[in-house]
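Next up is one chain by itself, shown in structure tokens, the form predicted alone.
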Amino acid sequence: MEAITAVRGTNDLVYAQAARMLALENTLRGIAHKYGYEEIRTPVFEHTELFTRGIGEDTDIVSKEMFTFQDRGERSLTLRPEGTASMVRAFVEHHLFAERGINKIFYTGAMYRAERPQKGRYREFHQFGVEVIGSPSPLVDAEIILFNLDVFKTLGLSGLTLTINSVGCPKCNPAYLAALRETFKNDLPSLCETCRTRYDKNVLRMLDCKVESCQPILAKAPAFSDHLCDECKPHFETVKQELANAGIQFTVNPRLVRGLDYYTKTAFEISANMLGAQNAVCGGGRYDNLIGVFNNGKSFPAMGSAFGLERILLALGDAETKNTIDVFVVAFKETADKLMPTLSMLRAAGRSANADYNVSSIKSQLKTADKLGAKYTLILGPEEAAAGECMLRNMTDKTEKRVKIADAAGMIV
């Protein structure tokens, strides 16, 4: 019988790998709380229309990459390919706009895209995202970018590149889109089929093309900054000035549009140079009109970003995050009856505790304690246990002392 393995493009996180992911998530949660963000958790699948309307039907995500299926009621459902659309749906459904003027939200969880699996790009991957809803201020844009950079500084990541752009708004988009069509109209026969389709349906998405032969032609694209309206231009200038004031180096890339149709004004991306082709570790932008799509036209200004957790772990390298426990209880055959009461006592006192329930040789048990990263071992020798005592060994300096079993939990630091 053929072995059943994990689906292509998915990964099992085993022991130390799971510990690394959890440690990363907890670090991100800590920084998010420091900035005043609160968590929202949404389902991993949604009505397909949420993504077709929110992300855009002509994006690669919607047209090529979504895992979509019908449920037993013949409703079209989709595994979430990104987190913002789900967060916006929850924001509107639960009337969070009525609770406070500005909402600062974070989320984390698995996302799904039907892509060709490769290093740093998987069909199931994990994101951590932050969103600020309720303020049109460019200071929010700058702070979210600074939040992202703060994360990488905390993680000790260097060799990062920040790229920013402004993709305008509905006021200045028409003039820019007309300029793009004018620029590319004579080159259409030389462009890929996808670009030719996008020329008619969503010309801005042409800038997101990755086909190598199209790049020299797409490089002719006019800069969006030359077509920004009187609202978008000073907004972008303020974002750049705030980043400069904070001592942040950045590059303005006029072709940066990100892979989502809902962006307005600021868009940005941070790349880790050591990752090669799949080097974007986070990105985001402003989406002032998205909420209105799901809220009867009443929108709220918003800005957000998301991290790819697997890519961050790749950038961090192979440093092992080892699970540790406070104490490993070692029992003899003669003292096996005291094993469970001792474990229960330690856990009730708030200590993490484990044991070899097979009560193997003392040497084997001590070796297991070391593998599990135990800070201490509590050894239930026959003589000591008869007196209600044990040997408490510090696994770092190998010192040990005889103590009352009931007092052991308080001596573990």
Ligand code: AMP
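Predicted, not measured: the structure shown is a model, and the values here were computed from it. From 1 onward, residues are counted along the sequence shown.
Below: the form predicted together with the ligand, not depicted.
- Contact with the ligand in the model of the complex holds for none of F184, R198 and V257, as no heavy atom of theirs lies within 4.5 Å.
- In summary, among the residues R121, K171, K153, K233, the only one with a non-hydrogen atom within 4.5 Å of the ligand in the model of the complex is R121.
- The contact with the ligand in the model of the complex, taken as any heavy atom within 4.5 Å, belongs to F307 out of F307, F91, Y176, F332.
- Heavy atoms of I248 never reach within 4.5 Å of the ligand in the model of the complex, leaving it off the interface.
- Within 4.5 Å of some heavy atom of the ligand in the model of the complex lies at least one heavy atom of E115.
- Looking at P301, you'd find every heavy atom of it more than 4.5 angstroms from the ligand in the model of the complex.
- Shown alone here, Q127 lies within 4.5 Å of the ligand in the model of the complex, counting heavy atoms only.
- Listed stretches are 280-288, 141-149, 68-76, 207-215; the contact stretch with the ligand in the model of the complex is 280-288, by a heavy atom cutoff of 4.5 Å.
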